[in-house]
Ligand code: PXL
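Presented below, as structure tokens, is a lone chain in the form predicted alone.
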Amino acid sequence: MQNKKIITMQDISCYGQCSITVALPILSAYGFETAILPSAILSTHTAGFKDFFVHDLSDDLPKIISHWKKEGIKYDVLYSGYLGDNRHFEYLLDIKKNLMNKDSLFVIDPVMGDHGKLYPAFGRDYVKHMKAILKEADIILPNLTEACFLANKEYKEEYDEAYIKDIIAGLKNVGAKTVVLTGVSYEKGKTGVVIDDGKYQYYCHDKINTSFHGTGDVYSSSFIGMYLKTNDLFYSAKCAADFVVECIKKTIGDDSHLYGVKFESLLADFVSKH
């Protein structure tokens, strides 16, 4: 799937490694032309910074989309991340219907929560809109919290494989086709990714007991880049997980770097080896 054009819709944090600031360099490093549709511009991301500036671009997005239509611009891959406004779901559907080439790929990272809770900006109405658009996507990339909200399942810290399979069944019931579920841990000290496209697979790796902002965006962007390169779901999920682990290890110990992971210095070597 070389020479594919990607459009990613999410916010821009001018400082801080998340969303478009992560997606654009990673997807470009994999060799894919990537356009952006920014849902908002922030001076910094929202974790660890105070009094950050936010400019919502929701009213401007239809004008950008309209211009693309007039210019006859088409894309091969639609990738959505953090959105933040219920109107954005309508814009995604407009893009999918009017700006995508035949046999295009639609990937949703339903960014809206972690550790069993929704992010402060989101409520149940947002979950309802996200759930409604899942059936339009070819692949969804939720973490466990997001999957539980979308599948209407109870979030648990301790669970077994039957619990995860029940969540995936719930996602399939609301229209999800292929699920790549991150943060799945069946044993202490381990975590991993479940891939289900009709066949259930699990990739397990060591768990690093620390967290950094934006690792979900690094994962999703790496997964998409690798999947477009190889068309192999399991291998792409595995490689993206391995890359995130490498990025975390690279960042641990630098107390001045608390706003993301140091993916840039590792990216070229990782892509070339895979």
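All residue numbers refer to positions in the sequence shown, first residue = 1. The shown structure was predicted, so the numbers you read here are calculated from the model rather than taken from an experiment.
In what follows, reference is made to the form predicted together with this ligand, a form of this protein that is not presented.
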| property | result |
| --- | --- |
| Residue among 29, 228, 47, 61 with a heavy atom within 4.5 Å of this ligand in the predicted complex | 47 |
| Heavy atom within 4.5 Å of this ligand in the predicted complex - residue from 119, 186, 155, 202 | 119 |
| Which of 219-227, 206-214, 236-244, 61-69 sits within 4.5 Å of this ligand in the predicted complex, heavy atom basis | 206-214 |
| Distance check, residue 82 to this ligand in the predicted complex, heavy atom within 4.5 Å | yes |
| Heavy atom of residue 111 within 4.5 Å of this ligand in the predicted complex | yes |
| 4.5 angstroms heavy atom contact with this ligand in the predicted complex for residue 42 | yes |
